[in-house]
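Here we start with a single chain on its own, the form predicted alone, put down as structure tokens.
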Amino acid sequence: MKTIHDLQEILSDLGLPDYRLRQIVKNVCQNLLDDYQDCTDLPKDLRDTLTERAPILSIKPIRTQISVRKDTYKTLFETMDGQKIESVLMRFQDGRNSLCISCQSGCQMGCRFCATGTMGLLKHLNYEEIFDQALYYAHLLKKEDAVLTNIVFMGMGEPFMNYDSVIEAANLLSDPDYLGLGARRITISTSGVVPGILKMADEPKQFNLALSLHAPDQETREKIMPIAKRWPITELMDAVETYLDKTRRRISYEYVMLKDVNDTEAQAHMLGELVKDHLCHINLIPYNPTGSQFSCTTKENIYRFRDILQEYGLKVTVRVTMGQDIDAACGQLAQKNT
């Protein structure tokens, strides 16, 4: 929704008291009204002014696609300055509604297997543009008598290259006066930006951290993730140790399974040795086609890889692919519908 500063400025121009701001936020973020004209506790002239000067969403939904199985929604948004971003809602049979949101238009990290990485960085989103992706879907779900249950910063962009806006958005998402999600229902991912991991270790709210590791050794990681040259795996794991020591919170390791690249039994043992002493969970992600040179390893290899990791006492999940038919699965966001 419109920034607090903007709303305060409008109310100040109109000579209205501060409690009107609290009413506006409550109507839009708690009561999930998506039209100011429905905010009947506000004067009609204020509703008209807000409609004209402070659109509820700072981003414009262009198109929403729904997967064949009806469990995945992908929305293409346009920012006020004309850049495009995508968000993905995943609806699980157990009742969870998990939203994958973007923090940038494009991405500068250049991971070889990721479609977003081919775009380069087009724009850092501000906290309002990040927050409004969740607000849009909260409004949509309300019409179906459902609610957002989880937020993951795993859409377009590297969250820790836009750290301040991401944390400000996450703080609003978890603020009980706004969407009020518990901090532990919000996960922020990184491809390995060491300064961001160290900063997040000192955040007062207990947001979850996910690390896109994708290889247990420096050589392989450099081949598929250019960031590994800037922050080698030894430095990265030192930062993880610091994070774990400070927070005592579990970290999630994301590991996309690439055929003949990072899927050998030897690499499974290397990964097990690397993280066996960590409070962690490992997500093995079947590779989703992105037009790159890579292909997904076989199911047999994925499950053998999992079994080896479990021998180290690690908790491991093979991620269920959702939304692949609408290019909404992990790594596939690239504005193909523009």
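In this text, residue numbers run from 1 along the sequence as written. Keep in mind that what you see is a predicted model, and the values were worked out from it rather than measured.
Omitted here: the form predicted together with a small molecule. The next part is about that form.
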* Heavy atom within 4.5 Å of the small molecule in the predicted bound form - residue from 308, 54, 285, 46 -> 285
* What is the one choice in 162, 189, 97, 75 with a heavy atom within 4.5 Å of the small molecule in the predicted bound form? -> 189
* Look at the stretches 140-148, 108-116, 230-238, 87-95 and give the one with heavy atoms within 4.5 Å of the small molecule in the predicted bound form. => 108-116
* **Residue contact check: residue 207 to the small molecule in the predicted bound form, 4.5 Å heavy atom** => no
* To do: State yes or no: in the predicted bound form, is some non-hydrogen atom of residue 132 no more than 4.5 angstroms from a non-hydrogen atom of the small molecule?
  => no
* Using 4.5 Å between non-hydrogen atoms, is residue 256 touching the small molecule in the predicted bound form? -> yes
* To do: Mark residue 154 yes when one of its heavy atoms lies within 4.5 Å of a heavy atom of the small molecule in the predicted bound form, and no otherwise.
  => yes
